[in-house]
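Before any questions on how it binds or moves, here is one chain, the form predicted on its own, in structure tokens.
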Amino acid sequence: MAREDEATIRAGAEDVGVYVHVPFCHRICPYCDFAVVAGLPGGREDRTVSVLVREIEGRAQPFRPASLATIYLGGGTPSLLRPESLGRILGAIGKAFPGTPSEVTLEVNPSTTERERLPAFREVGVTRLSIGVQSFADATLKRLGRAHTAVECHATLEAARRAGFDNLSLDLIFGAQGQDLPAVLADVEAALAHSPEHVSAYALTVEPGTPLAFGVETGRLVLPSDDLAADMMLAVADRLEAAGLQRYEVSNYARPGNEAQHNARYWQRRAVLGVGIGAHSYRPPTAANPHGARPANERDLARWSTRIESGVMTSPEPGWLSAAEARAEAAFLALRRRQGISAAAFSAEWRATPRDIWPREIENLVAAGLLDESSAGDLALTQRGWLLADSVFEHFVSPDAD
């Protein structure tokens, strides 16, 4: 059986997070660029789960002796799987790695079928729900192409509490066609009425090649202006923080102690095993591979299934990072978080300060009011920097590939 080279993964890594991608969705939203398959799992469920279990078993060894830290079941809509199918996946992960995960997150959409399964999901080991509300306004949900209604959003959140979940995360989208500032704030108030422990609030992104992009390019869809979208982000941040949910990352807010532990692994560049179509892993640096890697699976369900069933576990995209790419990741992933870049930690890894590597870029960003720089050289996004985060990050992507 072909396996990933154990030498490419940090020897003695303390822990690992596992991401499981389940591709099935009722329908594909017009703004979605994820690796998804339209339609219910149906007869495809058992085979897909079996292939996921086989991939977990076949790719775990290179990460050992790391203990299991977190599990994230995403997609797609993983809650379309039967609870016993999720139980098989979680059981395979538990056999592959020692330890008890501190967080087992399941993405859920507000539908009747998924809502009825919540108690059973909790019984098989799910401890945290990430609920794709997006909006509490039916008109906005329709424009986003979502399959649920506002009534179903409230019903699912109430059912989650009745099922015993005390760690709920809600996804909200702002900047959709027809949204104005009062509409966005109404969504926030509706979310807060359920006292969520965590909220992810995203600006609608126009991904190339999606139906949304085509609509915008042809003028059929008109989204809020950049200035209005910025006002929305500021207003959302102010209201959530006033309600006790602190912004700890560009798009994420949490009550103290309820930050998304699995997602933090990506920003902290810690080991993650990703299984399923389109799933990405992160393999930290080793002596043999000093810059780490981000291998990725193919986005085609049939090709992925056939490869894993044939015993080939090596991802088709190895994702080896150059020094320049790894340094850039160290910078912009740290900047995504509220605390930003620690100059001391950066220097310990790279034997150079951020100023040594990007002197002109940092000077310009500080002068533009997008970065704060401490006397020790630490860097963090300003309030204006939060609004223009992606353009800030671009300044740290070096063209060299040493």
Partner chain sequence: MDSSRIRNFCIIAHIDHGKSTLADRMLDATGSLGDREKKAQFLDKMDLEQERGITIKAQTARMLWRAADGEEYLLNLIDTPGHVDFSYEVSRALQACEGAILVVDATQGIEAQTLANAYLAIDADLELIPVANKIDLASADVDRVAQEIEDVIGLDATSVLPVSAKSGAGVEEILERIVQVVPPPRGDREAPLRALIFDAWFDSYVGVAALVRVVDGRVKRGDQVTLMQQGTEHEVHEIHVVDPHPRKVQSLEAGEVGVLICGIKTLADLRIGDTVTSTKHGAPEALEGFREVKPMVFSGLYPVEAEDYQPLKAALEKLRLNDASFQYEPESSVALGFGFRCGFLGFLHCEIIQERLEREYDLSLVTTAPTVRYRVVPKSGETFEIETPAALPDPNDIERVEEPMILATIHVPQEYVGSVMALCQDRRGTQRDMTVHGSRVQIRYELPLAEVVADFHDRIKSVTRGYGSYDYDVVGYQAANLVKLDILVNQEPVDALSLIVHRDKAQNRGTELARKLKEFIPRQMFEVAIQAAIGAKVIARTTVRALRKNVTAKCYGGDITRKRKLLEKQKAGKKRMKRVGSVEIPQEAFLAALKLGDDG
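Numbering follows the first chain given and starts at 1. Given the structure is predicted, the values throughout are model-derived calculations rather than measurements.
Keep in mind the form predicted in complex with the partner chain is missing from the figure; the text below concerns it.
Of the candidate stretches 237-245, 96-104, 137-145, 220-228, only 220-228 has residues with heavy atoms within 4.5 Å of the partner chain in the model of the complex. The partner chain in the model of the complex comes within 4.5 Å of a heavy atom belonging to Met233. Not displayed here, the partner chain is kept clear of Glu14 by more than 4.5 Å at the level of heavy atoms in the model of the complex.
Contact annotation for Thr205: at least one heavy atom lies within 4.5 Å of the partner chain in the model of the complex.
Residue contact check for Ser251: one or more of its heavy atoms lie within 4.5 Å of the partner chain in the model of the complex.
For the candidate set His291, His280, Arg122, Arg82, a heavy atom within 4.5 Å of the partner chain in the model of the complex is found for exactly one residue, namely His280. This chain lacks the partner; the member of Val51, Val37, Leu370, Ala343 within 4.5 angstroms of the partner chain in the model of the complex by a non-hydrogen atom is Leu370.
Contact check at 4.5 Å (heavy atoms) against the partner chain in the model of the complex: none of Phe24, Ser111 and Glu116 pass. Residues of 312-346 that come within 4.5 Å of the partner chain in the model of the complex, judged by any heavy atom, are Leu321, Glu325, Glu329, Phe332, Leu333, Arg336 in sequence order.
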